[in-house]
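In structure tokens, the next block holds one chain alone, the form predicted on its own.
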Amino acid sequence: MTFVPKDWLPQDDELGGKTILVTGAGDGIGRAAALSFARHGAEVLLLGRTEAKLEAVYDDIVAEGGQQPGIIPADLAQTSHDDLMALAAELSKSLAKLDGLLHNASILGDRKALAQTSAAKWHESMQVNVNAPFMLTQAVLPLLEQAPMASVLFTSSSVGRRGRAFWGSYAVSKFATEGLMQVWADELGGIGSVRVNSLNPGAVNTAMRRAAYPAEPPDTNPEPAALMATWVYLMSDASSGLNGQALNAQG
């Protein structure tokens, strides 16, 4: 985490006045990030597949005294470009700007050799992990460009920086995520106020991690909430100088 200044601690209102959209907000890192953003003053828009999980996050934020969040039920595996453009149009009716976008939603896909990987599962992984983040960023870009200082954060993985056997579509999709981040960053970084980076969370105790490593004791890895200062930093104005960087949350 060398990119976070050693003496940096978020203020209680570090994200005050900001509106941040979080995908995959119902569970794991997305849930922890949404709660942390709200605790530091942000209005959070919760996008996810399971409405009941989003409602639970909503209830937790309100119970803690945070700003009333928005709930956006959406299955990114089925979402079209038209759907996301319609969503952006709806958001534009109530929002003057969007200050942050955390692309957290991902699926593992087939954990098999490429020779045995299902084509349908491959396409589903690319849809959720690459196509939907591209389309959503494109759809809400006008709102991001209205913010004085906006941050787009793509969630990466170590297997998206060095390929490993049996990680199949997930690894390839995360390589594509890194490329998508770099192109957005290069296109936007020099002409406006939108910065774009990627963050590899590392090993974290989430349902996805437990599915990927079923033999690993869950308490081997930190809980998502323990790492959230990094996510807050990257959504705050303190990180305004970072653009086009492939970052690691741990180690």
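Throughout, we count residues from 1 along the sequence that is shown. Note that the structure is predicted; figures quoted are calculated from it, not measured.
Omitted from view is the form predicted in complex with a small molecule, to which the following refers.
Considering the small molecule in the predicted bound form, the lone stretch of 137-145, 112-120, 90-98, 76-84 in range is 76-84 [heavy atom distance within 4.5 Å].
Between the small molecule and the residues Leu35, Val196, Ile29, Leu46, the one pair within 4.5 Å by heavy atoms in the predicted bound form involves Ile29.
Residue contact check for Gln182: none of its heavy atoms lie within 4.5 Å of the small molecule in the predicted bound form.
Interface membership of Arg209, defined by any non-hydrogen atom within 4.5 Å of the small molecule in the predicted bound form, is confirmed. The shortest heavy atom separation between Leu188 and the small molecule in the predicted bound form exceeds 4.5 Å. When the small molecule is considered in the predicted bound form, Thr220 lies well away from it, no heavy atom lying within 4.5 Å. With respect to the small molecule in the predicted bound form, the three residues Pro10, His40 and Gln245 uniformly fall beyond 4.5 angstroms at the level of their nearest heavy atom.
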